[in-house]
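Just the one chain here, the form predicted on its own, laid out as structure tokens.
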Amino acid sequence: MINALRGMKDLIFEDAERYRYVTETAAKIASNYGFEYIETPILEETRLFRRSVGESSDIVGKEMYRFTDKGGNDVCLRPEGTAGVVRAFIQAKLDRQQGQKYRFFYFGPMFRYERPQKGRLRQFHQFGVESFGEKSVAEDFTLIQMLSDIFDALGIRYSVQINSLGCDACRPPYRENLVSHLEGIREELCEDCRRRIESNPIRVLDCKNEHCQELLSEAPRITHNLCDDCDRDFQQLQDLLSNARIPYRVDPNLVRGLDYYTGTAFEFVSDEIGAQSAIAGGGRYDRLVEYLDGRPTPGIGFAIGIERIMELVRIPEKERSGWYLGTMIPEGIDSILKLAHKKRKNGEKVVVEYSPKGLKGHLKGADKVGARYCAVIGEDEWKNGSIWVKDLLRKEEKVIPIQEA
């Protein structure tokens, strides 16, 4: 027997239903916020992620599914969604539309070669949004508010962690202060952190090693080194969150795992999933469009790890809907198929049982598929051109001409 690859999982039955419920719920809320659907290819040029996510990130350094295709191109399966959307944004020349604002949402599979564990797979799914052309901190707040609306709708408890990563004006002096501190504890840090001191020191703060986190407790805080503009924006964001009664706390070590973030960074966490508590995150990336050869365009987005929240989602109990059609005699199948086709063309859900069986068997079948109506042709109905129909919700039944069905 051939099994799915390690870290890859089929979505069937309840898992498929949960995935569909999450994406449909999130898509509806994103649409209510004025976001439009976009879909980008799963396969992209490797250099897209090397330039956007960053050479120093674990994703590029360790986790990408990367290979050379038959045309000699260096390609990879997308490890995250933002870079592909930004590439599509530039390729469509939307960055040249001065003063225009564009907002997109998407969902689908991403790929990272890492150790599989609960809620973390090698093929996983994300729901994400990206907003381009709006530099107001009110947009930062709006995306956090949208995320809170999504998790409220899904019945998931959460809290929000926020930070500011500064801008090109305040990050260089902060980097100097941070590197100076890290050099003093270099030998006690893990190997990854020692490497990042040279390549991207701010990502040392993102290390998940408990010993490193203890050592970093006295590290300089970027929120203490913000320029006037970044400090004003960060204070305004906190005021907006407080006024909206969205629970949050400032986490000075929150830097996110990707190199393209600037300004606001945020994560949604839940205590319902154990140690791996992050269920969504995002932030501002005002330089990313420019890094990928587009015209300077402010941007901000977020992504939800769908597998991380699957077990937490509370799906409303399904109401009975649609029709179950069956026959007790072989001669009735033609009439059943014609009736089913007419109903489907009218937009109704119809399940057909092709095999003749007794009424009890048909009622069980209708119950199994959650149909509201069970309609069956027996020998008498076949002779009379009628059909027996039962409303399984109201427990009412009658025999009617098949044309009326």
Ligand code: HAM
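Keep in mind the model is a prediction, meaning the values are calculated, not measured. Heads up: residue numbers just count along the shown sequence, starting at 1.
Same protein, other form: the form predicted together with histidyl-adenosine monophosphate (HAM), not shown, and the subject of what follows.
Per the 4.5 Å heavy atom criterion, histidyl-adenosine monophosphate (HAM) in the predicted complex is contacted by stretch 280 to 288, the sole one of 194 to 202, 280 to 288, 95 to 103, 223 to 231. Among 326, 84, 301, 166, the residue placing a heavy atom within 4.5 Å of histidyl-adenosine monophosphate (HAM) in the predicted complex is 301. Just one of 332, 322, 119, 294 comes within 4.5 Å of histidyl-adenosine monophosphate (HAM) in the predicted complex, counting any heavy atom, and that one is 119.
Within 4.5 Å of histidyl-adenosine monophosphate (HAM) in the predicted complex, a heavy atom is found for all three of 124, 130 and 260. Proximity of residue 114 to histidyl-adenosine monophosphate (HAM) in the predicted complex falls within the 4.5 Å heavy atom cutoff. The closest heavy atom approach of residue 181 to histidyl-adenosine monophosphate (HAM) in the predicted complex falls outside 4.5 Å. Although the partner is absent here, residue 308 is a contact residue: one of its heavy atoms lies within 4.5 angstroms of histidyl-adenosine monophosphate (HAM) in the predicted complex. Contact annotation: residue 139 falls outside 4.5 Å of histidyl-adenosine monophosphate (HAM) in the predicted complex, judged by heavy atom distances.
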